[in-house]
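Two forms of the same protein chain are encoded below as structure tokens; each is given separately, as structure 1 and structure 2.
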Structure 1
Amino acid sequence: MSTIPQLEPPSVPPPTTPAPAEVRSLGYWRETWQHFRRRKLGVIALAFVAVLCFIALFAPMIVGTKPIICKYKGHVYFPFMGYYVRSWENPIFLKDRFRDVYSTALKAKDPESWAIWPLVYQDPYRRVRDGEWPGQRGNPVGTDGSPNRINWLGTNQQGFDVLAQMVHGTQIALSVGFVSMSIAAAIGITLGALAGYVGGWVDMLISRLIEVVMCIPALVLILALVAMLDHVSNYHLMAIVGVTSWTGIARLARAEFLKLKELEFVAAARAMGAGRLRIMFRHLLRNALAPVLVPITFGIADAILIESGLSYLGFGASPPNPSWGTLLHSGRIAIQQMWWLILFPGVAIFLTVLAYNLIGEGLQEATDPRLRQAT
């Protein structure tokens, strides 16, 4: 009796689970930015500083008495560039004796001329006189220069518009902060990197130098350096503040390099034949830069305060100098009668310093993992 063979059921392959999607790392700086964005005050402060940078960059187009662009005697000129650097203004206007009064001189010397003017017709370096601009009276002087519809923030004792001085003074405030801390960062990071990575007698010598500079009060050292100069300019202030503000950055950079140089990637780079300078500034610096940015941000706020304080005490840049500290200096003589010379620049200094401090706190939290976990 024959048996019918049993057919085995076809084998069904087991279900395959889809491979997990590859997760890419965001990168250190993008992750830092994501953590920074969570601090609303820090983001608002960063937006405020961005607005200040915009005002500083385009200050001659916002407030000024020189045309942004004009056609004079068949040629096109950009007289407002003279606000940035005096030599950038075309010499034809000096030759034709415009005396910075373009509003009346253009039509008087060339009836076919035309011009595009800034938003507000006021000048930070001189007083606007009667009849200079159609339908606008001259700036009042002394205690009569309270805020009005023409001079929105008032005028000082000489009749210079406060709004024009504050808008153009934004250039001085930001440039002093950025340039001086760039100098301080260059000195501090270089010396701190050498002390932390090389060690030995180099570390001892640089550490003693840092301690000596820190023992001298910064304001006393700055006043001594300013007293040695006959004519103080904003560039002198930038250099002086930068030379006296590098010690904190150097100490932090030294500590970071001391910690990082013991890690494995430094040993790997050294085994591949990388030299000291390459390891310091190619491998270590990029890892030590984030913590160093925090004191640099706080240092910008300190530099603005130092420049304002020096100008308030009368040790700032020589006139004409439309800085916020100079306005405070002119207002302290008649503080009860000319309150606007104290209020408006004081509020601008307060908000700017507060913004940089908030940015520094946000960076400190975003770059420190311990602070991230605490929040």
Structure 2
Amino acid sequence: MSTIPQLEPPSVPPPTTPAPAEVRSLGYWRETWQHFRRRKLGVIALAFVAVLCFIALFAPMIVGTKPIICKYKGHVYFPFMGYYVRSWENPIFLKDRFRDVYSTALKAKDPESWAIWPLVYQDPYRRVRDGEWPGQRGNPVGTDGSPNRINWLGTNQQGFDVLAQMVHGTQIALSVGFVSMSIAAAIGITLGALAGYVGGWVDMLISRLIEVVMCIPALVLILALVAMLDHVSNYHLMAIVGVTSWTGIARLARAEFLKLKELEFVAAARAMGAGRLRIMFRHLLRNALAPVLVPITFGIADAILIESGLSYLGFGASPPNPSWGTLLHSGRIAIQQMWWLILFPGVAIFLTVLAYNLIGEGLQEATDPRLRQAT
């Protein structure tokens, strides 16, 4: 089977007059995109998320105190990788009494060394001290850290730069959304597909499972986990959000599969000898995916809110954890003096969640023919 059957409105009127050029059907995805593109807000939201992704991906190159690239004792290193995963930082910088402050230690240990630095010399995990960077004073502490030339978005009570925490916090916000929803989507789509396509007792079993999982409150589970673990990382939160929030996706996937499996192209595929798995994942899935994307995008927004909420309440990942919610938490204590600890992360959370919701809404309307008519 060389061409893939698409879910097309069967009544595409044949051109009455011969067209000068061949009119090709757009295909389901491109059509969805065409419709999505017409919604300005959705496109802006998508662009916003793209920018956030960019920031998240390159956070340590934007703000950091570890060089992007440096030559030290005859070798070239990329110390900024340590911000992604601690062990990606070359151990040479952890011994020989190097002590984490590259700006001074590099030259002191090896006068021949050179380095290319991130755009802004600030750190989300510690206070930049006096004399660390030429011409830059140490970060102020207490309530004195209002936005200024060096700390663009101010500092928190402990003197950690807010911009650094915001930029690195983008990683957390986005990864929490993506990772947890990837887990949820993987579980939800697989189970939903099985239930919808196979039907019978499998459907019965999975549907009951969905109902059971829906009864588990993710928040309580997370709180229990936080109490048990010695070192809570954001991955723990992601995992829990992931394994508890797949039910909506599963239900939708099941419904889509139930509907699609009755269509002619499935019968055609089956007639041509395609196996079950092949039909499910090659033919049905791509047609079912667009509606399923809608709960996923809303889920991402939810996950971001859950993470910020937990950090705000002090139940998030172990400190120091440069999350937007953590910033809000520290702002809560000095709400009358330190507006910048509330405003910037608050706006960031609001915009991000809004963006995902707009994308979700756009997708919903672009994939649902009934809603499409309205626009």
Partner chain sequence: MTPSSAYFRLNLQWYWVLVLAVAVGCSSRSDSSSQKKAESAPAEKAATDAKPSVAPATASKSPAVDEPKAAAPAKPFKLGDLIQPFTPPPLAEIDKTAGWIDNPVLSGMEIMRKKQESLGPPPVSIATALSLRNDSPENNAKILGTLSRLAPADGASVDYEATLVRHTSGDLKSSNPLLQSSITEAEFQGLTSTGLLTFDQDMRDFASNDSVLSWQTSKDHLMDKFVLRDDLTWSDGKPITAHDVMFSFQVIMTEAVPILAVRTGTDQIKWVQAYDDRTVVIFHKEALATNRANMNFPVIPKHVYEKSIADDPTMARSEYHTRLEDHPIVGGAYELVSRVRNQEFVVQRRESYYMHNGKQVRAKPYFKQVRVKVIEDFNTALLALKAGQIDQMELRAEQWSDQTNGDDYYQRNTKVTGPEWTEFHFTWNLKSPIFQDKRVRQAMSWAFDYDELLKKILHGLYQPCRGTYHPDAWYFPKNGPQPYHQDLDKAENLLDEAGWIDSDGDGIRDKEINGRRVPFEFTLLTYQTETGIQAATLLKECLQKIGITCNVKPTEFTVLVDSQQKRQFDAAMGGWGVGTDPDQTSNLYATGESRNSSSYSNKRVDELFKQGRREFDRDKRAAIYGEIHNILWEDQPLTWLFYRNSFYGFNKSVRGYNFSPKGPFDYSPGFDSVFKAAAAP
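Here the structure is a predicted model, which is why all the values come from computation and not from measurement. Each form is matched to the other, and the largest set of C-alpha atoms that superpose within 1.5 Å is called the rigid core. For numbering, take structure 1's sequence and count from 1.
Taken from the form predicted alone, structure 1 is distinct in origin from structure 2. For L258, the Cα coordinates differ by under 2 angstroms between structure 1 and structure 2 after the core has been superposed. D230 shows a C-alpha shift of 2 Å or greater between structure 1 and structure 2 [criterion: core-superposed Cα displacement of 2 Å].
Superposition on the rigid core between structure 1 and structure 2 places the CA atom of L221 2 Å or more away from its counterpart. Core superposition gives G273 a CA displacement of 2.6 Å between structure 1 and structure 2.
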